[in-house]
Structures are given as C-alpha cells and as structure tokens.
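The chain that follows stands alone, in the form predicted on its own, written as structure tokens.
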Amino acid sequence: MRLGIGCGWRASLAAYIQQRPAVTFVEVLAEDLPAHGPLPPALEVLRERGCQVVVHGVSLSLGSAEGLDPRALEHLCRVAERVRAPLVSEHVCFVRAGGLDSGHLLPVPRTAASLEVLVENVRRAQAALPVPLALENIASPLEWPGAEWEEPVFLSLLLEQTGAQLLLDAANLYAQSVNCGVDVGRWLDAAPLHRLAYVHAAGGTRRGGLYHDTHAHPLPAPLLPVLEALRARREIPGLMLERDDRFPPAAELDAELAQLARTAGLPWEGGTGEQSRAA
C-alpha cells in the first residue's frame, strides 16, 4: 500500500487540507469521531475526492494486563468502517492499570510477560477490526529496568507473532535518541522495516535536557537525517505530518510537507494547482 504524503486531520486544519490535493491521506483520531451520526462534512469531502482516511487510536491500551476495553475496541472498529479506512493504527503501550487511566502513553516493559500480553491483546483487536492493524513505537523519557530485548527486537517479535504492520514514528525515535541514547542506525537495522506501513513526523522542543514530542512546534532539523537513514534502508510508502496545536500559517505547513516529501522521495503538489515534483 502506498499512502503518499499525509497530514493528521484536525478541525483546525480541515480547510488547509481540503485545499491541498497533494495530501493523499489523512489520519484521524478514532476518539475524536462519533461511532454514530454524521461525520464532519470536511472529512466527507476528502473521502469523496479519493483521499484515504487512516484511523489512529490512543486509548486501546494494548499493553494492559487487564485486557482490552470492549467499548474502546468497538468504537475503533465502528469508526474504521464508517470512514472506509484502509488501515488502523495504535500504540505499543498501555494507558490503563488497576482501574486507573493515565491519560498518557506509557511504555511497556520489554519482557516475555509483556510480550505475551501484547500478543494476546493485538490478536483480539485484529479479530475484531475490519482492516489490518499497524503498531507504533512511542517516545518515553524512561526505560523500565530488566529489559530482555532492545526495542526494535521487541517490536520484531511482536509483529512476527501477530502479523501486524509497523507505524514507525520517526519523531519518537529521534526523541529516544536524545532522551535515552538510542543509536538510530542500529535501531533501524534491527527494526522490522519489511512490515512498514507508514511513518509519522512531528515537531517538538527541548526542556530540562529532555526532548518533548509536542506536535506543536516546527520539525527539528535533526529529524530529517532520521528519515534519510530510514529511506536508505527501506522505501517509505507513506509519510505524514502530525500537528496538534499552535497551528502555523499555511505557507509554513506547505514548506514542512514539501521538505518531508523531498526527504522521503514522494511527490508533493501545492494547493494552488501548480504542480511541483518533490521526489
């Protein structure tokens, strides 16, 4: 599947995306859309023009030993059906434990016990979903002690045992390189890139010696070498910009999308009808 260049769909960006025919896919948050009733009209317009709509979840808690919330899974499935998504994505993380919700994506310990939980929950989600599932690496300022595998090996085992695809968040990988000393080249060499579905890119900021993946700042210059290293190892089938806050002028978004397209070797066409190949 080749998704091309995409953008995270947010109500604040709806008009911008609608005027950019080169945006060939958008990613919607499942939790932001209703399971019943009308969809946002701007999203319907994109679907009518042939723009693919990928559904992205943040609350399924695949790493939770308590199992999946059936209501969250049902909602995710329903939204995927409604937008005719080619793919659903979620995170390798947990957000619930002991009856509490963290409100944040928390890393799972990279142990055999955690892998067993993840495999069981992923398989349950796959059995319910109408389309394939892709799993995303997260950013975290900490590592649980007693890890039995490095992250890319852990991801490989998870994907091998479930058949799931990979959503590689390049911004999260960059964050791990800053916060935890991860070697990007070694990480990519060990990662299951043959299962790559698409890629996230986003901006962030450094505070107190840590890099925070805020989705509210411009793309950092060091992120581009991460994407270049990925492209050197594997064709990038889809690359999207995540922006959730502090939305910049359209010209700045155009420049970031064009930069991402050039780096990934994907075409980019502006919203004025004037074509330009970024590849």
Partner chain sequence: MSNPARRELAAQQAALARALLGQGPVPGGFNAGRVAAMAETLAHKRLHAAARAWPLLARQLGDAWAVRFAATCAGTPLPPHHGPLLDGWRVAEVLEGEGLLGPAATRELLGARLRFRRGPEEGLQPRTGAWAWALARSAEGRCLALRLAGRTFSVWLPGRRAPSPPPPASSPPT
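Numbering follows the first chain given and starts at 1. The structure presented is a predicted model; accordingly, all values stated were derived computationally and were not measured.
Heads up, the form predicted together with its partner chain isn't pictured, but that's what we're talking about next.
Contact with its partner chain in the predicted complex, judged as any non-hydrogen atom within 4.5 angstroms, is confined among 82-90, 129-137, 143-151, 162-170 to 143-151. Contact check for D245: a heavy atom falls within 4.5 Å of its partner chain in the predicted complex. Using a 4.5 angstroms limit between non-hydrogen atoms, S114 touches its partner chain in the predicted complex. Although the partner is absent here, G67 sits close enough that one of its heavy atoms falls within 4.5 Å of its partner chain in the predicted complex. Remark: S156 does not count among the residues lining its partner chain in the predicted complex, judged by a heavy atom distance of 4.5 Å or less. Contact with its partner chain in the predicted complex, defined as a heavy atom within 4.5 Å, holds for exactly one of L196, A190, C77, L105, namely L105. Checking L39, L210, A35, A229 for any heavy atom within 4.5 Å of its partner chain in the predicted complex turns up a single hit: L210. Not one of G57, V184 and H200 places a heavy atom within 4.5 Å of its partner chain in the predicted complex.
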